[in-house]
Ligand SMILES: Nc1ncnc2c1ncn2[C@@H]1O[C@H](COP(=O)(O)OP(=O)(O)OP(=O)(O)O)[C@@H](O)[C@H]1O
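Take a look at this single chain, the form predicted alone, given in structure tokens.
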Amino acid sequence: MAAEVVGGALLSAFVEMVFDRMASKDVLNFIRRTKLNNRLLEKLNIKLLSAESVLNDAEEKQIKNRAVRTWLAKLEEVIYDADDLVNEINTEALRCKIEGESENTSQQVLNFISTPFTAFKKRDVESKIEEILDRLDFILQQKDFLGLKVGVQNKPPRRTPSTSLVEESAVYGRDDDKMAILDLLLSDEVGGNKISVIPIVGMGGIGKTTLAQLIYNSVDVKNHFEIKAWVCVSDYFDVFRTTKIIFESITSQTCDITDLNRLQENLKQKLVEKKFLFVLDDVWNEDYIEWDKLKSPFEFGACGSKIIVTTRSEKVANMVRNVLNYKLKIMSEDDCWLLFVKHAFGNIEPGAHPDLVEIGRKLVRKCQGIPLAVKSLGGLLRNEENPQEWERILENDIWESSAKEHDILPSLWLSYYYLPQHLKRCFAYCSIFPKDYQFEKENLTLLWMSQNLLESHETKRAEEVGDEYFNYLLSRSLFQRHETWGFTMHDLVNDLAKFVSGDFVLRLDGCYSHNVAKKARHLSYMRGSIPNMKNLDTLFENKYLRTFLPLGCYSSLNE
């Protein structure tokens, strides 16, 4: 999956939506009829394009640079204001259209259309546009001081490719998973397949690669398979590159073949009647044709050959598999603690620091069974003996804590990064739900519809589009099925959604400042736990709120 196709800043999709609304037929006709200053709107359009040109660079730099993150928040606020203004123009255009079609039948409909343009004032609208332009001018002047570059091609965060090597003594809690996969590998016939493809599926950071490494280096595996090869496939699926790595791995020689056909012919000869194990780590490709090309020489291997595919996408797993997916679960709290101790305490004896142990236990619970998060926080605190520093990490969310090292749990960040632009906004909106909240697909789709987050489709109803969006996020492990009913988000994924949505989504279950409450666009609270009404006075100053969502005490939107 090419990053430049599906990457891009969260704001880019928002800007595109504002462009589309400004260019709609109804709005253009209305502007002509009311003689609004069209040059102002054209200037706004150009300014938004100027902002969009640096968004890719800004989104990448915000992770390490807090000033860029603040700049993006200010830009997003202005773009929201521009969208509010276009909504007002849209609404007034609709009002005039209904009045023009039928004065007698339209009055009841008009009563339900809210707009600040009860008496349309052209000068007020033009003043608002000029104010937005001034703010955009000021914000865009700062981009040079922040070192933001125009036209930077969107690219994924740099990652070190995985290898087959693993320190087994540093792995905890995966013995049962290892034995379950080994049972499949060491059986010559799994489900009647000559060559079995076994997907290991789970959310980013849950330990899929580590489990595959343990299996790959098992003595039983070494004795059972004649040929082994490990490939870190990653986000860019290249049939030639992957085939070449496998060929070079099994021949232990550098290959200078540049033709795919010759390369696959040579690989086929090496595999004929040989029992092999290939591990394809971190696969994102959803194109079945490309997968089919890759595996064509594999079919010449001996019966009982196996391919392990690690992926966070159920869609990918279902495409490649011919046995059931192996869904990797979170680690137990006790195993997470052992992992944390190894990375956080280093040469320090934990028993000598009971205050650190107490805070450390809380940090481990915060990671909710994700070993990458445990390892990341442990690394941040390695050999740190100051309890205040441990408390600071505990009080911050994990994204802010790891940002200073540009670690930001890269595996989970990529799950967001590679979302199509239109899904980034849908995912960010889900930060409106508190942690552990159970929600239903149908109700979330209605919320997306209410915010105009679903792309229009000629042959599909909005509910069908929403269903597709939801299933995509579910397949990427950003949503999880709850064991009782409905769906939920892992706490770290919820933190990720909050990180990318910034201050424009506010939950009243947390702390918030006066300024945040004034500019939030989407707000939720749990019924039965709403703060003292005096604390809500600030909200009455908010003139831009788009969502005010009371959530049921029993974690259901239906409540």
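Being a predicted model, the structure only gives us computed values, none of them experimental. Under this definition, the rigid core comprises the largest set of C-alpha atoms superposing within 1.5 Å between the forms. The first residue of the shown sequence is 1; numbering continues from there.
The same protein also has a form predicted in complex with this ligand, omitted here; what follows describes it.
J.: Find the only residue in Leu271, Ile132, Val320, Leu372 having a heavy atom within 4.5 Å of this ligand in the predicted complex.
T.: Flagged contact: Leu372.
J.: Here the chain is shown alone; which of Gly466, Gly204, Gly304, Gly378 has a heavy atom within 4.5 Å of this ligand in the predicted complex?
T.: In short, Gly204.
J.: Quick check for you: of 489-497, 515-523, 42-50, 23-31, which stretch puts a non-hydrogen atom within 4.5 Å of this ligand in the predicted complex?
T.: Partner-contacting stretch among the options: 489-497.
J.: Though only this chain appears here, would Glu92 touch this ligand in the predicted complex if you measure heavy atom gaps against 4.5 Å?
T.: Glu92 lies outside the contact set for this ligand.
J.: Given that this ligand is not shown alongside this chain, does Gln264 nevertheless sit within 4.5 Å of it in the predicted complex, heavy atom to heavy atom?
T.: Result no; Gln264 lies far from this ligand in the predicted complex.
J.: With a 4.5 Å heavy atom cut-off, would you call Val197 a contact of this ligand in the predicted complex?
T.: It does not: once this ligand is placed as it appears in the predicted complex, Val197 has no heavy atom within 4.5 Å of it.
J.: Flag Leu185 as yes or no: does it have a non-hydrogen atom within 4.5 angstroms of any non-hydrogen atom of this ligand in the predicted complex?
T.: Answer no; every heavy atom of Leu185 is more than 4.5 Å from this ligand in the predicted complex.
J.: Taking this ligand in the predicted complex, which residues of 293-317 have any heavy atom within 4.5 Å of it?
T.: The one in contact is Arg312.
J.: For Asp282, does the CA position differ by 2 Å or more between the shown form and the other one when the superposition is done on the rigid core?
T.: After core superposition, the displacement of the Asp282 C-alpha between the shown form and the other one reaches the 2 Å mark, so yes.
J.: Superposing on the rigid core, I want to see if Asp177 changes position between the shown form and the other one - specifically a Cα shift of 2 Å or more.
T.: Yes, its C-alpha moves 2 Å or more.
J.: Given a superposition on the rigid core, I'd like a yes or no on whether Ser450 shifts its C-alpha by 2 Å or more between the shown form and the other one.
T.: After core superposition, the C-alpha of Ser450 moves less than 2 Å between the shown form and the other one.
J.: Given that the distance between the C-alpha atoms of Glu483 and Lys208 changes by 3 Å or more in the predicted complex, do they end up closer or farther than here?
T.: Closer: Glu483 and Lys208 approach by 3 Å or more in the predicted complex.
J.: Explain in one word, closer or farther, how the Cα atoms of Gly204 and Asp491 are placed in the predicted complex relative to this form, where the distance changes by 3 Å or more.
T.: Relative to this form, closer in the predicted complex.
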